[in-house]
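First, one chain by itself: the form predicted alone, in structure tokens.
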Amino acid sequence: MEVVGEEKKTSLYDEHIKLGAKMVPFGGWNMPVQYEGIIKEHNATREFAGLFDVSHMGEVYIKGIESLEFLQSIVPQDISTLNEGCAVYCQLPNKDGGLIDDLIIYNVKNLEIDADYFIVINASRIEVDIPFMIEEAKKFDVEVINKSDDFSMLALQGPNAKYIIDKLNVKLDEKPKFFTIKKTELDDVPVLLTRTGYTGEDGFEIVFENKYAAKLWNKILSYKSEYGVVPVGLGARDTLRLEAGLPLYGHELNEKTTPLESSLGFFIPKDKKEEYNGKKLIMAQKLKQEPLRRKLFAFIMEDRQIARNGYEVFVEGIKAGYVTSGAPSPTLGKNIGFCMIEFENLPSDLVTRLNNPQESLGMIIQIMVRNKLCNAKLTKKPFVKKNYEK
């Protein structure tokens, strides 16, 4: 990891420049937003394969005899049910139930690495998450080790991803299953290979030492003619995750909004016994003992306009929220997005309708786009079918 101006750069910065990438600041990093164009990169990932530099993400080792007890105290998910070699999507709540971050926790006790658990966190939250975890860890016999500067990370996503991995030494019947991790080698490079991603497509995330970054990046891209793999920037990464209905920290998730209010209630177990930060409010909302203060909704624009982050949302003429993410969907040929609707100033009967999927789905809302109210329809997520290989 190096620094460009005020932004850090990944070990692949020079490779991005060679490919003519347009570089932009993102989460404190200088990252490629596109190479040959967002739509082209988006469609290539859906149809063939896309290769993403996600080395800006944070990596953390957790080790110690109370590793499990520590993790049980900081996330709502029940980590005691996480088998060796498996992963779980988690949230990191604060004491008020708001989200410090969302992350993936891997049980790596079977992988012969110097850790019990491996955590991937958002790039923009590294400087928040790590101090928070270290402070919380003081209550336990456990170490929190920031490995973010030691590793690079690639995401290879799309229907042809598994065939490229096969070419790199891991045969089809040896690949990790969905949401699992294995220690292996790709083109003689030692890696942690996971069956995860952020696109809604089948694919892999690959973690390895920085010194191997250029070698592995260029080797994977050498299969462009055979498998259609292309380098993909942040622009298409955003439209892909949006179509897949996946949240982005700082947009759909923040420190004032609980998992239930961010439409992540599905991931919150009802029967976890251990205490964790924010549990009282999170469980009260989960069990419908406490009303939601706001709620995240997916929408499709009825008009041709694009609703962008921060645009005002109106429900039955009442200003009631804001767009959290919005973009054209290359797959659907429509403009889509997420919005957060605040319930505080809405009539109780309208709040009831919004909380009832049978009534809210198909409801028309208005979004202020360039001083004009434009219609949008609330809909289910994901916007497109996910193609994970289960």
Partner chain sequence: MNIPEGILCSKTHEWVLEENGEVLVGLTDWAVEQLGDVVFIELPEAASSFSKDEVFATIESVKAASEIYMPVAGEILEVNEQLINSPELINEDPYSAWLVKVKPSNYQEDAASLMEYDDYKDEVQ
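These numbers come from a predicted model, not from an experiment. Numbering follows the first chain given and starts at 1.
Just so you know, the form predicted together with the partner chain exists too; it's not on screen, but the next bit is about it.
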Task: Heavy atom within 4.5 Å of the partner chain in the predicted bound form - the one residue of Lys171, Lys215, Arg308, Lys280 that qualifies - done: Arg308
- [ ] Counting non-hydrogen atoms within 4.5 angstroms of the partner chain in the predicted bound form, say which of Gly28, Gly362, Pro347, Gly37 makes the cut.
- [x] Gly37
TODO: With heavy atoms only and a cut-off of 4.5 Å, decide whether Asn160 touches the partner chain in the predicted bound form.
DONE: no
TODO: Using the partner position in the predicted bound form, report whether Pro176 sits within 4.5 Å of the partner chain, counting heavy atoms only.
DONE: no
Task: Interface membership of Val54, the partner chain in the predicted bound form, 4.5 Å heavy atom rule - done: no
TODO: Using the partner position in the predicted bound form, report whether Gly64 sits within 4.5 Å of the partner chain, counting heavy atoms only.
DONE: no
Open item on the list: If contact means a heavy atom within 4.5 Å, which one of 232-240, 121-129, 202-210, 79-87 is the stretch that engages the partner chain in the predicted bound form?
Closed with: 232-240
